[in-house]
Each structure stands twice: as C-alpha cells, then as structure tokens.
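Presented as structure tokens, the chain that follows is alone, the form predicted alone.
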C-alpha cells in the first residue's frame, strides 16, 4: 500500500538522514499502535535512500516477542558485529558491545533502525543509551520504533526514553490513524464504503490494507477475519506450517526448515498468502498482527505440540540460542528442558553483564524445576538471589536466600549453608540491617570453619572485616582481613585475597593514611582486569564515599566520573545507586544545588537499596532549606531511622549534622540534637576517621548555643574555627571547594563585618534561606548595615547548573572550544553552544573567558 498521510514524517527522516550523512547525527523515535505504519514509514525511508543512490549503510534490527528477551538480541543479529555463528559474540559483555557498536557506526554514514522497542531487553537498552548520548558526534541516524501504550512506568525501555526526552538531537513522531479520505484512496476502485471501512478499522493502515485486498468478500467482523481471509485457499498441511511459523515469534530459522519438513514448493505456496516475508535468517510474518491472527487459530492443546516440534528442530542446529530454546521449552511444557535451557540462558546473560535478564531466566528455571533434590533447588535460589542483589532487588534476594537454609540442611550440605549465610549477610547490610548482617556473617564463618570449606570461610572473614571497617572498628577489621588473606593464600583464592587486601587498605585510608587511596585504585584495576566487576565497583564506592567524608571533594568528583559509567556499563545498579547518592552529596558540598537534587531524586525514585538513600534524603531536605524553600522535614526522620539501623559513627554524625542544621534553620527543638548529639558527640568523634563529621556536628551545636563536649580530634577547618581564626578557616574551606562552609565560617565570627561577608557569600551561591536566617539575627543586634536579599533576576546562580551543564562548564573553564567540548561529550557543536549559552546566563557572566578567569570562584575546578 502506498504510504499515505506520512509526508511530514518522511520529511523528518529525510532531513535527519541528510544531517547524518554530513556528520551531524540524530535520532528519531516512531511511536504508535500496532499496524499504524511504523515499519512502513521506516521502509519508505530506506527505499528512498536506496532510490536516491545515497551512500548510507542501513542496519535493521528487531526486538523479539519472547517471554524473556534475548540479552543484546538485536545487536547480536547485526552482521556488522561479525558472523552470526561466531561463539565469541555470545560471551560479549554489554560494555564490550557498546564499544563495538560505537566503533562500527562512528565513521561510516549509517541508518540504524531498532524496531519493536516494547520487547527490548535491558542490555540492549543500555547499548542504545550509550549510542543515543553520542549520536550527535557520529554520522548516524538512529531510528527506534515502539508501541508507546505497551511501555509501562517500570518497563526496561523507560531509562532510554527518559534519556531521549532530554536530548536535543532526538525527535519523536507519533503516528496517527488514517483519515476517511486516506481510507477512501486505499479502497478506490472497489465497491467498499470508505466510511464503513474507516469505522471498522479505526483508520489503522494495516487493517485497511487487509480489508482492501479482499474487497469481494463480505466485510469481516474483525481484523483477524481479514487476515485469515488470505488463507482460505491453503491446504491443511500449509496451514499447519503457518501455525508452526506463528509459534516462533522471533523467526523460523532457515536451518530448521528441513527438520520440520518444509520444502521449497511449500514455501512458494505460502508466499502467495502475502502473509510472510523472508529475511537472511529465516521466515517471519509480514506483520505481528498477522502472526497473532494465525496463532489464534491454534486449537487448545495444539500449542505445546508445535513448540515441541520447534524445540526438537532448533536443538539440531549449532549454535542455538538458549533464550529461544527456553521460550519453546516453556511453551512445550517440557519442564526438564525449560530448566536446563533457562539456566544456560541465565549464565550467558550474567556473563554478558545482563543481570536483569539473568534473574528472569533463573526464575523460569526455578518455576519449572521438577527435581526434588533440595541441593539443586537451593543452588538455583542462590543464583537467582545474587542476580537480584546485583539489580538492587534486595528484599527478594534476601527472601530467596533465606528459603535455602532449610534446603541446605535437608541436603546436609553445610558448605552451601555457609554460602547462603555469607550471601544474605551482604544483602542485609545494603538493606540497612547491620545487626542481621553481622549475625549472618558470623554464622557463615562458624559453619564454614566446621565444614572445612576454606573458600566460604575466607569470604566470610572478609565480609566480617568489611562490616567492622564500616563501623570504624579498624583493629578488628584488619585482624579479620589478615585471617581471610591467610586462607586465600593457602587455598589460592584470588578474589578472596583481593577482598581482604581491600579491607586492610581502606581501613588505612580511614585512619588518615592518604597514600592508601592510590593503593585502593590499583586494587580496582586488578579487579577490573580479572573480571571481578562487583568488587571493583564496590571499591570505587568506598573510596568515593571516604573522599567526600574527608573533604577530598575534587578527588571524589574525578573518581565518580569514572565509576558511575563503569557501574552502568557492567549493569550493577546496586553500585550505581550508591555512587549516585555519593555524587548527590559531593554536589551538595560544592554548593551545586540543582545537580545535587537531580542525583538525590534519581536514587530515591529508583527505589533501590535503602542504604544508598541516606544522603539523598538529607540533600532533599537541606537544599530547599538553604534556598529558603519549603522542605519535607519528614525525610530527616527517615534518614535517622536508617542511621539507627545501620549503626555506624560516620553515618550517624552526618544525620545529626543535618538535624542540627534543620533545627537552627527552623527554630524547632530536636531532642536528637539537644540531648543525643550533646551526650554522644565525644564518643562518636573518638572513632578513627570521624574528625570531619564530629567537627561539623560541633559547629552546628555551637550555632544552636548548645554545649560541645571536648573532641580529641577535629579536621583542620573546624580546628581553625574553634581557635577563632575565622579567615583561615574560611580560606581552608575555599581551598577544599565547599563554598557553603566557607560562608558559614565567616558568619560564625563575632565581628559583624565578617558576618556580612558570609551573608554575601551565601547569597552568591543561592543559599538565601540560610542568609536570611543570619540577616534576622544581625538586624536584631544592630550596628552594621545588613545586605538586602538579592533580587532573583540579578542573582548569579552557579548552584543552578544541572549535571550535564556542569560537565560542559568544566570544559569551558579549561578553555575548550565548542567543537572540542562536542568531541569530548559526544554531542554536536550546536548542542554544545546551547549548553554554553545557558551556562553563561545561569552564572551571570558575559562570556566564556569570564568562566575561565573565575573558574575557581565558580567552583569549576
């Protein structure tokens, strides 16, 4: 059918393709209901490209409607990544796939089409996000099609669609149904009534075309009838083959046709139905609706038989995709093979860094497991729990591990029971239940020792050491780490050995040995080189967290610029949540309110591991308080509950400081501050590594007029302030890059003029709420001219930069041109220019040179 009423959409694609050929890439998302013409529009663009003789490579990939999608399925099908039967492709991680796809499309003008995004897998989403964020810097037109009504808020494609909405280089085309006039054109030359056909089909182009193909038949009651009209003359054998193809939603592989008794004459006859199309890989229905119409004719009980035939045939080819085999085994109600193939598919997905899909396959394996062997079920539950942990589904992970306890005991496998306790110890910790975590880590070590299983015993000791380090019991942490290391060396347990070294080194860093930081980063590289991604990402998390805790804000920023992309590429959401929460904190310390709130909202909205939400909750309250806006103070109660559950000095001090600041801002009495903080500060502050947190709580207690107990050690800026050296303290904070603390150091002075300086600084970073609080006090005291609150229109707003704008602003501060910024950030020079304009406006500076000159003052270094 000729493409009707799509000239605008074709024009958009034509223009985008022209830009891509010129090196200015972009993306187009085409949405609409099934049959509305998304694929036809794409085909028209491809045909136009071919007819015009344009030198553009066309890559066409599809997501398949499998029960559990194949990880990276669309990209594994693309020939540009190597031969389809190359086994290396199945072992490729998503990070490697990102790099390979990027390398393949960044130089040659390319039209990359990924259809049916509503069936996409999470790994493919990450590769597409990787490409989308770089599309402007490549000669690429990325076209995505999907049914928007089938993408729920929790759909795996949601992160990608969220990205696309914020990217300048993406356009969305929502296809509308055909009008009556267009339907009239389609049915012209027949006796069909256009209005009636329009009413019957709702203007759906596919449905209209199906009706128009058989105008002499009575108008069908349904579209299904319209499709089935094409099969009226086929034989029973051929219809059986059609049903067989309908049972293979991805495609019927060419290689299995002989095994299914499908010969060339049969294929020719089926071609006459106009329902099928052939690809290089196999047979597929021309439209999903056609497949569904044929599938609907399969009688009750007939489906399993068809899937069993397909399964038998697919098992004869090599390589066969375990994800596809799983789909047919499940549909064939063959539990044994469903479990077996699901396990294989899960292992492949995990190796490829697709932990969401791995968890889904392990769930299938468990659901179909018929064996009564308790050990087999326990192992599957433990595998599933690990994948759920990696994807930040902690309650489910904990529940599944707990379910194994009885099974291991029934199987009399004490080594397995120890493994289960070790696993749940870690999960409970990240779920913010320290007491349970310690109980299970102790149990794991005790049982493993009795069972003489060195690997579990060493791992349990390393976990115990990790928990001891987190509660600042560094002596015990080092003892446990040393014991774990001895076990690892005796039994040649590489990962346990490295984990124990990390515990020792990070304990040194907490103690103030800053050289340990470099050692930790070396250990990260070792973990990465050996493929221990979870361990590498965990070390990143701990170093970044301690950097912020100890005032190394710039170091933390640089580290997070590496670690967050690593966690995303390796599909470790639990670490991504933690590190994004840490970034919320560092942005907060740097006075970048918008960026801090952006990260805080990301962590809280993701509903990931509870522990990671502690700092985002504090940021979500303190930023509006400092800006003079309404704040949701209840989040502080949530943070306090978390701090109590996790029971660690550093986290308790952070929440106490936030409670004290809120009390100072609102004038409310908080017993957690006036009683607990006053009585416990000396104890908390005596813990190694607590000199910064204790100093901060002490400063707020003084501002509240509460007694501050003697502290054995406080960080340098707080010590200077305690000694009355206001200017020195302010300068120390300036050098560290904490403008709010710098301003507060001035406002703590007894000299009114110093306090005015502090108020002006607070105003300059947008902390007008805090500045107002000082204005009230200063006016009551009199004797000095208090600066007026700046008008919104005249206030420079460095705190208003988003995370993306901060990236651009840092590059501007380094003197890079728009073209160079575009190259570094994989955006077009035009987009870079837009960002720079927005940054200059928010910073209230006349030109980019002013950004360079004032970069330190603006907090960009």
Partner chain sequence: MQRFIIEREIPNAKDLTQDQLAEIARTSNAAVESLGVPYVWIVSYVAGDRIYCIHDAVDEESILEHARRGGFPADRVTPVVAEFGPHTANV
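Please read all numbers here as calculations on a predicted model, not as lab measurements. Residue numbers count along the first chain shown, from 1.
What comes next is about the form predicted in complex with its partner chain, which is not displayed.
When contacts are judged by a 4.5 Å heavy atom cut-off, residue 237 does not count as touching its partner chain in the model of the complex. For the chain shown alone, residue 262 is a contact residue for its partner chain in the model of the complex, at least one non-hydrogen atom being within 4.5 angstroms. Its partner chain in the model of the complex is not approached by residue 301, whose heavy atoms all lie more than 4.5 angstroms from it. Although the partner is absent here, residue 519 is not a contact residue: none of its heavy atoms lies within 4.5 angstroms of its partner chain in the model of the complex. Residues with any non-hydrogen atom within 4.5 angstroms of its partner chain in the model of the complex fall in just one of 541 to 549, 97 to 105, 267 to 275, 358 to 366: 267 to 275. Proximity to its partner chain in the model of the complex, taken as a non-hydrogen atom within 4.5 angstroms, holds for one residue of 179, 602, 292, 254, which is 254. A heavy atom within 4.5 Å of its partner chain in the model of the complex is found for exactly one of 634, 667, 189, 258: 258. Taking a 4.5 Å heavy atom cutoff to its partner chain in the model of the complex, none of the residues in 173 to 204 make contact.
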